[in-house]
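First, one chain by itself in structure tokens, the form predicted alone.
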Amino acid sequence: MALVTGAGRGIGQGLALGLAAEGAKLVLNDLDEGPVNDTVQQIKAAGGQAIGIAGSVTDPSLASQLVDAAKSEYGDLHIIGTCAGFIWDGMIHRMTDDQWQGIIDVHLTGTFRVVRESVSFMREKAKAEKEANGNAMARHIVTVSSLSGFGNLGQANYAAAKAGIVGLTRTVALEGAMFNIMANSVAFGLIDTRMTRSQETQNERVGEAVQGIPEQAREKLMATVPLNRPGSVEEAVGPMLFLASDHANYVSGVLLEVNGASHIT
């Protein structure tokens, strides 16, 4: 049983489809009803099980709605993937409070709320399993950070949020260890999604925030990628599936960089 936010598009959708292919039953969330329902229908068409709940992770009540749905539909929760997000770029001397807070609220606070609610439930399940069997099954939390978390031009808000997610995740790894809860984060570089495609080739917005990178800036960014190409959604999802699997039952507190060797140069 898995819960994935941001599951209507990009990496979140790819993770949801990948987990479903491995047999997971899913509770999915996206800001917009249409995209999350599309992912649900794809999973059902392939013979899987999923339910969708639209809403913003900035809504303080959403996390409990998602976890309650997992409880009522499936009775347990084994995997969390927090993929909801967008960009709202600007140089720091021009960045507004709304730009700053909007990104912090979605990426960092939204992740915190979903993880907090999930861990609370996972702890109770683990306690019951330890009392009954002497040990608790492994459960996995996978959060999404970014290469920008190390600092990036025009992304003070996004960089701060993504760096914060790493600290949050490592703390959850420490606190969850006694309950056999693994918590890891993946820092993505240039992955082919609406957030990293050329602005000139798409018309993608989240409210006032234009998604994508100006073509000239994108070309400069591409030149810093030793593999000389963006990663695909499938290539992004693969490491997440590993961290969500029993192959990673002794992996916790890790920041796994998936960036085509960008951070080496």
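Note that the structure is predicted; figures quoted are calculated from it, not measured. Start at 1 with the first residue shown and count on from there.
Same protein, other form: the form predicted together with a small molecule, not shown, and the subject of what follows.
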**Report entry** Heavy atom within 4.5 Å of the small molecule in the predicted bound form - residue from Ser118, Thr193, Thr169, Asn157
**Finding:** Thr193
Requested in this report: Could you spot which one of Met182, Met122, Ile79, Val106 gets a heavy atom to within 4.5 Å of the small molecule in the predicted bound form?
Outcome: Val106
Query raised in the report: Picking from 140-148, 173-181, 125-133, 69-77, which part of the chain touches the small molecule in the predicted bound form when contact means heavy atoms within 4.5 Å?
Result: 140-148
Requested in this report: Find out whether any non-hydrogen atom of Phe188 is located within 4.5 angstroms of the small molecule in the predicted bound form, and reply yes or no.
Outcome: yes
Requested in this report: Please check if Val57 has a heavy atom lying within 4.5 Å of any heavy atom of the small molecule in the predicted bound form.
Outcome: yes
Requested in this report: May I ask you to state whether Phe86 is within 4.5 Å of the small molecule in the predicted bound form, using heavy atom distances?
Outcome: yes
Query - the small molecule contact in the predicted bound form: Val40, any heavy atom under 4.5 Å - result: no
